[in-house]
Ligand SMILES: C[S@@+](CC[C@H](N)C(=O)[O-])C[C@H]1O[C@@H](n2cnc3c(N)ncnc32)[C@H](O)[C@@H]1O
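The data below hold one chain only, encoded as structure tokens and taken in the form predicted on its own.
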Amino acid sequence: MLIFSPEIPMSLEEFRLLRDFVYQYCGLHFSEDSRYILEKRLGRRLQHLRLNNYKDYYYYLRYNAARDQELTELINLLTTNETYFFREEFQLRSFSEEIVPEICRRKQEKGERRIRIWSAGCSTGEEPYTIAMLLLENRAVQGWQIEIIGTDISQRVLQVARKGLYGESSFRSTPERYRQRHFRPQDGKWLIDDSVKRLVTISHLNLFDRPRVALLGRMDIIFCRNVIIYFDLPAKKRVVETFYQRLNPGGYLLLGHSESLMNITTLYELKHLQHDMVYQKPLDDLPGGLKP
């Protein structure tokens, strides 16, 4: 007969097994000081699955027929997803007033009228919908084909993103005119308008899954804000190099204000815009991501 303790202690060996497994799967890094975080967050899964210890949970994640479903539960428990509309205003001003017009000019010279943007680690969707609202009001892309792809590894947050229904905390830095123009009240919250939603595709994606990431195709701009702070150095290098492969020459990578590529890679050029500093893939980059 199994006896379930309300708190199952995690040994150091078990912590290292699970830590390394999570890291290899998705790049999330947990130091030994954060053993209690895994113990606290995963303990409820042991009880739910009627497992005696974390080593059994590790083998469940590796070999059980239901491992894919459990990986979803695991990621939901280990990721934090704090975000809101119009986060980091200065960078968004650079996006609207400088980056988008520049890319449009360059594309028009080649007879193109399509712009593709990837919001990587989009959480509950506030970022890709913010991008969509800004583009709807940007004259530079009027009449253009706009494609915004929001991805995240957590299925839980993607369900919120697809629904598009938000509470007050998501509007903490949103100019009121955007709420009045692009949302309508519903059930005490605010539902985003279909004119915004139709510009955005929400998809599940693990940034460490390179074959699936490659299916996204080439992008003009990649937003990945406040995501790589959860990775260690090798994982950061892997992810930003993946972004590099996905960007068109001259494309932009927009990170969070607390994030930098210093000591990570020299592939990108740091560009000083009027409102912010951003990273750009060199225009002279050759196909395949190789510099001349």
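Counting begins at 1, following the sequence as shown. These numbers were taken from a predicted model, which means no experiment stands behind them.
Below: the form predicted together with this ligand, not depicted.
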| item | value |
| --- | --- |
| One residue of 235, 227, 261, 46 in contact with this ligand, assessed in the predicted bound form (non-hydrogen atom, 4.5 angstroms) | 227 |
| Partner-contacting position among 176, 82, 168, 109 - heavy atom within 4.5 Å of this ligand in the predicted bound form | 82 |
| Any non-hydrogen atom of residue 130 within 4.5 angstroms of this ligand in the predicted bound form | no |
| 4.5 angstroms heavy atom contact with this ligand in the predicted bound form for residue 159 | no |
| This ligand contact in the predicted bound form: residue 121, any heavy atom under 4.5 Å | yes |
| This ligand contact at residue 145 in the predicted bound form, heavy atom, 4.5 Å | no |
| Location of this ligand contact in the predicted bound form, chosen stretch of 148 to 156, 168 to 176, 188 to 196, 135 to 143 [non-hydrogen atom, 4.5 Å] | 148 to 156 |
| Residues in 205 to 234 with any heavy atom within 4.5 Å of this ligand in the predicted bound form | 205, 206, 207, 208, 225, 226, 227, 230, 231 |
